[in-house]
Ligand code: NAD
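Presented as structure tokens, the chain that follows is alone, the form predicted on its own.
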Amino acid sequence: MVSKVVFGRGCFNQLGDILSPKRLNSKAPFIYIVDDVFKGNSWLTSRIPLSYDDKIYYISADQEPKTSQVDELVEEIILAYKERPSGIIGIGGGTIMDLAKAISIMLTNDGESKDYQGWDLVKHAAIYHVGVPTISGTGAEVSRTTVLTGPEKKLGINSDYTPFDQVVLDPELTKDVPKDQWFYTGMDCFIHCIESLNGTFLNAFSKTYGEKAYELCEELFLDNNLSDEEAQDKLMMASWHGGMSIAYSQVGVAHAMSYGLGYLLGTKHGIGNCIVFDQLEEFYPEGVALFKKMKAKHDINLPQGLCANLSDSELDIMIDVALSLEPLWENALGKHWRKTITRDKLKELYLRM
């Protein structure tokens, strides 16, 4: 679990107070991994507390995080400083938070990040790392994974060392998120709820978080009668609860298949989940019906025909990635999932997307 969290509008201003006791010495910097959409935005960047050799790396979130990108950044940090950093702070969306988590792990573990894709492969505790989400929905601020696209697969580094040591939840930071991005990332949270609540791994701990997040998503995306500030506050909490629900159960069909899209086509996670989920009536009939209602209410048009012109070998790559995510299928359909989820079945589904 994330051991410390602060919540509230404007609490980003407390970052300096939170970090200063964690500074190891004047030669051990804090490294900030910041979404480059904030470059030149003094409203946010002027409040990043820099001293000594602290450094900001502005990183584009146009592409999902890659293992090669993590390894390059880790090497750059190791070469630039004599001492191990005091901490890594990620300020951005799911991509940036996953990068910050992965970097903090790889600074204390040998080899390449691709060697740790999977479950519980990390040997040594990560360095101190802090998450500051600037968009709500992914649950990356609370999860025990950091999802990376590697040379062979798209898969997370799932471990007890992955979660942040500290999260700063300031809903004000989400005020400039574009509408379509708000919807796709919010739907990531909604889909977490559906996959968790309909899964075989569900327990009471996970269920209470999932139900709360589901209720908040309905209020946000269907009732829609909240002020902007209330909506920002509630979506941030929906993301947290949805992420907590997944941490104690597992995601399902939509995530398994959207990892295939992400790996082959580079489709971003939020929109990829929406494209997949739109076609999953047979697995989640009520959830998909509700999703279609939300989509119509907010005039969202999803891209069509993504897989229409793919070759068989390209479809096979996506199917391989999807099938490799065994815990997701087991959660969705139970121990005997292989009886229903054949390669032909997945091909038929992908061709609809």
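Quick note: we count residues from 1 along the sequence shown, nothing fancier. These numbers come from a predicted model, not from an experiment.
Below: the form predicted in complex with this ligand, not depicted.
- Under a 4.5 angstroms non-hydrogen atom cutoff, this ligand in the predicted complex lacks residue 57 among its neighbouring residues.
- Among residues of the shown chain, residue 195 is not one whose heavy atoms approach this ligand to within 4.5 Å in the predicted complex.
- Taking the partner from elsewhere, residue 213 is found to have every heavy atom lying beyond 4.5 Å of this ligand in the predicted complex.
- Remark: residue 245 does not count among the residues lining this ligand in the predicted complex, judged by a heavy atom distance of 4.5 Å or less.
- For a residue to qualify, one of its non-hydrogen atoms must sit within 4.5 Å of this ligand in the predicted complex; none of 28, 53 and 107 qualifies.
- Of the candidates 138, 117, 249, 86, 138 is the one whose heavy atoms come within 4.5 Å of this ligand in the predicted complex; the others do not.
- In summary, among the residues 74, 122, 177, 237, the only one with a non-hydrogen atom within 4.5 Å of this ligand in the predicted complex is 177.
- Note that among 202-210, 97-105, 220-228, 77-85, the stretch whose heavy atoms approach this ligand to within 4.5 Å in the predicted complex is 97-105.
- Taking this ligand as it sits in the predicted complex, the stretch 29-46 comes within 4.5 angstroms of it through a non-hydrogen atom at 35, 37, 38.
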